[in-house]
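Have a look below at one chain only, the form predicted alone, in structure tokens format.
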């Protein structure tokens, strides 16, 4: 007889009021395979995984573990059943060492020598080179991903769920991660669920794939029997530009600004320690400039400066020719700079405030009387923005944390563009978005440029830079090391520049 699946979900349904997040979902996870799980932002993937982890309880349906019916009532029971997850947003404590992070949540006494030895053994076993004594705050994104994976593998899970594991990784780091997963699956007969919006990853790294749309399974197939175009179509329920499905849209740049036009954004000698080293960059009205480089070369520091979170040690920011006092809170926004930050949870939204409040928080004067906020005006304004930007939410009064990642990104974009900025800075704008959301985002950024807004796109995704921009500036160790028209850029040339070549 064939062995029972590691995990089988039958008819899983979950409602939140009138919203049906999961509608009779069936999913079978076999040992020794990587199973791709696809769907738009808000399709129900996260709800399904939260049910598996014991963070939510289904309204109806059943879960079988090794052919035996189980009821998962909490995270401890999920862990006891051998179900573990590497989340999209790292759950690490920066000031602690690697071994200390791995030991977090461990029951019973923690013995440093034993944990350190266990980390070293697991790292060697799975090919995840890491120093157990390194401070997590000093690690690259790829190294942090290794720590998250080691935390899970050390618990010896039978079912390992990977949620957007490559969203902050380079291509080389992503390839290394998938090689590790394949070894884990082949040698130890585990079942792996890979949740990703990158269709090229799904088609190359998985054995089978399930697509969920609006809470229902719409496709279940062996990966070799499908294509990226079909997966994209099933995800969004319509034809999608094939380029968008794999992360590249047809290059339709905004017209470049005349060389004599006034700069909409000028950065002069920006220096932060650590992060930026005399960074200089100019963006003109009506153009989209890409800032491209490997993760960890100062992009986050620049985003923090342009968000108003950090005052640089030296240098100036000018908007429309006027210097901005970076010591004054709100000065950049008042000068006409809007920003979609890299980490929307950290700098772009307040998760416990409502959707409506997040949509208007930077322009409270527009929805206020003489003293107090007018709630009716606030709701009218929020409803208009939600309709215009296609924001899906159970209610405008729902906490923002209840929205999918894509809808949270739409909230930030709607809020920033509603202020009619002169400059829009978008950092890693498509990270974690589904193909339909990426298509919509790129169209809106191009529309911004055609309306005369200066757009700066900070991205580590080569395809995104080539698809969106008219000019590319490369960053290395906090400095701009080269600029060239996008039409003259290719992977080899940009690769040399991002490695520090002149």
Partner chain sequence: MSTVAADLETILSSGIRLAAPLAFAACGEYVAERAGTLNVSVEAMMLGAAFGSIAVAGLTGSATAGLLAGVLLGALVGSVHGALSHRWHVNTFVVGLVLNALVLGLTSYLVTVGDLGRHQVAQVSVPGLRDLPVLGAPLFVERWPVYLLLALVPLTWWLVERSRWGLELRAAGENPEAADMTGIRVNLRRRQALLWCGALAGLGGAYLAVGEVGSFNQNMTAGRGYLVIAAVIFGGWRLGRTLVGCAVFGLADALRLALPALGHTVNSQLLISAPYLLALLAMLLFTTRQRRPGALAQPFRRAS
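All figures in this text were calculated on a predicted structure; none of them were measured in a lab. The term rigid core refers to the maximal set of C-alpha atoms that superpose within 1.5 Å between the two forms. Positions refer to the first chain, counted from 1.
As for the form predicted together with its partner chain, it is not shown, yet the points below apply to it.
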Using a 4.5 angstroms cut-off on non-hydrogen atoms, would residue 95 count as touching its partner chain in the model of the complex? yes
Can you tell me whether residue 383 touches its partner chain? I mean in the model of the complex, with a 4.5 angstroms heavy atom cut-off. no
How about residue 112: is it within 4.5 Å of its partner chain in the model of the complex, going by heavy atoms? yes
Can any non-hydrogen atom of residue 54 be found within 4.5 angstroms of its partner chain in the model of the complex? yes
Have a look at 155, 213, 379, 125 for me and say which one sits with a heavy atom within 4.5 Å of its partner chain in the model of the complex. 155
Of 284, 198, 151, 300, the one that lies within 4.5 Å of its partner chain in the model of the complex (heavy atoms): 151
Give a yes or no on whether each residue among 103, 106 and 401 has a heavy atom within 4.5 Å of its partner chain in the model of the complex. yes
Please identify, from 85 to 93, 201 to 209, 187 to 195, 318 to 326, the stretch that has a heavy atom within 4.5 Å of its partner chain in the model of the complex. 85 to 93
Quick check on residue 135: with the core superposed, does its CA move 2 angstroms or more between the shown form and the other one? yes
